[in-house]
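A single chain comes next, written as C-alpha cells; it is the form predicted on its own.
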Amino acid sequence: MTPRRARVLGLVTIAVLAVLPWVLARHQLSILVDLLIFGLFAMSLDLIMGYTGMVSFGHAAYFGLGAYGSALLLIHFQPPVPVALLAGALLAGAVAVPVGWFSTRATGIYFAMLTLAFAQLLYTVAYKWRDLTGGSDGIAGVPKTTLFWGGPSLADPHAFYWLVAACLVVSLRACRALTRSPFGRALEAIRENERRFVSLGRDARPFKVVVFVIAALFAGLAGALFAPFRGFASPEVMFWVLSGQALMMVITGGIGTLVGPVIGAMVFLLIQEVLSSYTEHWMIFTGAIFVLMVIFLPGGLVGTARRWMEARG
C-alpha cells in the first residue's frame, strides 16, 4: 500500500470512529468500546510476535496487571482516569522487565513456555492474594472518574468511548513510528535471521527485552481501560485462555501489520458475539472459522488484502 493510500485510509478510519458513537445504540456503543480495547491489546502482542518473531503465551498477564493497577487506584484514591491508565501501564511494564530479562534468555518454544509459566505464576498470585485482589471474586465497583482534576466526568458512555478511541489511535501511531525507526528495523532483522544479526557484532537480547517491555506497557494500557469500562478486574483476565485468544486475533488480522490485529480482534469478538446468541456450542464454530481462515487466508485479513491490492497494481 502506498503512503498516500495509507494516509487516506487512516483519515477515513478516524472519520468513521468519530461518526459511529452518534449512530449506534447504547448497547452497540458498549460493544464497540470492548472491540477497541481488545484491539489495542492484540496490537501490543503484534509488536513482539509480528516484528520480533517472539511468540508469547502469557501476554494476558500484562493486560491483567494493567486492569488491577487501574482498578485499585480508582477505588482507593479516585484520581482522574488518565492517571489510573498511566499507573496500570507502568505496573505492567515494571513487572515485564524481570520477566522479559529471564524469558529472552531462551528462544523459540522455550521462550513461549517461559512466558506462559510467568503468566500462570502471576495469575496464581492474583487468585490467592484475596486481601489485595479479591481472589476469585476480583474487584468490583471500579468507577469511571474524571478526565482531569475538576474536569468532565467519564461516566457518560460517549465520553469514555472518546478516551478509548484516542488511546487506540495514539498507540497505533506510536507503534507504527517505533517499527519504522532504526530500532524497529533492528527488530525485523532479528526476526528474519537472529544469527546473522549477532554475527554483525550486535547483541539481540537488549532489543528483545526492550520491545517486550514496550508491548507489556501497551497491553497494560488496554487492561487499565478495561477495568473502569467493565467496572471490575479479576484473575480471569490474566489466564492463559486470553493469551491464546490474543494470538488468534493477531493471526486473524495479519501478523506484522499492527492495524491487522486490531481488525482481527474486532472480527474475532464479533463472531463470538453473534454465534453465542444463536447456540451454546459457539466455540466449535469459532474454532472451525479460525481453521478455515488460517488455511485460506494465511496472511490474515490485512495481509491478504495487501497482496490483492499489490496484484492489481
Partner chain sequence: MSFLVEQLLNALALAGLLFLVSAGLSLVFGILRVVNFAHGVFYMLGAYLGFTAMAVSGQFWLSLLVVPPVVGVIGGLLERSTLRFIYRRPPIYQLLLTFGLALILEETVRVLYGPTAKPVDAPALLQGAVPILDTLYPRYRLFLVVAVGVGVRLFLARTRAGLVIRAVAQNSEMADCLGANVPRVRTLVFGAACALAGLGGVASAPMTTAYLGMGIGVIVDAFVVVVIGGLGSIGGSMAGSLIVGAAQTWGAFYLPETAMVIMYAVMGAILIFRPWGLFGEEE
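Model, not experiment: these values are computed from the prediction. Positions refer to the first chain, counted from 1.
What follows is about the form predicted together with the partner chain, which we do not show.
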* the partner chain in the predicted complex: contacting segment from 66-74, 35-43, 49-57, 257-265, heavy atom within 4.5 Å -> 49-57
* Heavy atom of each of Ile109, Ala117 and Trp240 within 4.5 Å of the partner chain in the predicted complex -> yes
* Asked: Can any non-hydrogen atom of Gly10 be found within 4.5 angstroms of the partner chain in the predicted complex?
  -> no
* Asked: Do Leu269 and the partner chain come within 4.5 Å of each other in the predicted complex, heavy atoms counted?
  -> no
* Asked: Would Val294 show up as a contact with the partner chain in the predicted complex if we use heavy atoms at 4.5 Å?
  -> yes
* According to a 4.5 angstroms non-hydrogen atom cut-off, is Ala94 in contact with the partner chain in the predicted complex? -> no
* Taking 4.5 Å between heavy atoms as the contact cutoff, choose which of Arg180, Arg105, Arg196, Arg173 touches the partner chain in the predicted complex. => Arg105
* Scan 241-256 and note down the residues that get a heavy atom within 4.5 Å of the partner chain in the predicted complex; none is a fine answer too. => Val241, Gly244, Gln245, Leu247, Met248, Ile251, Ile255
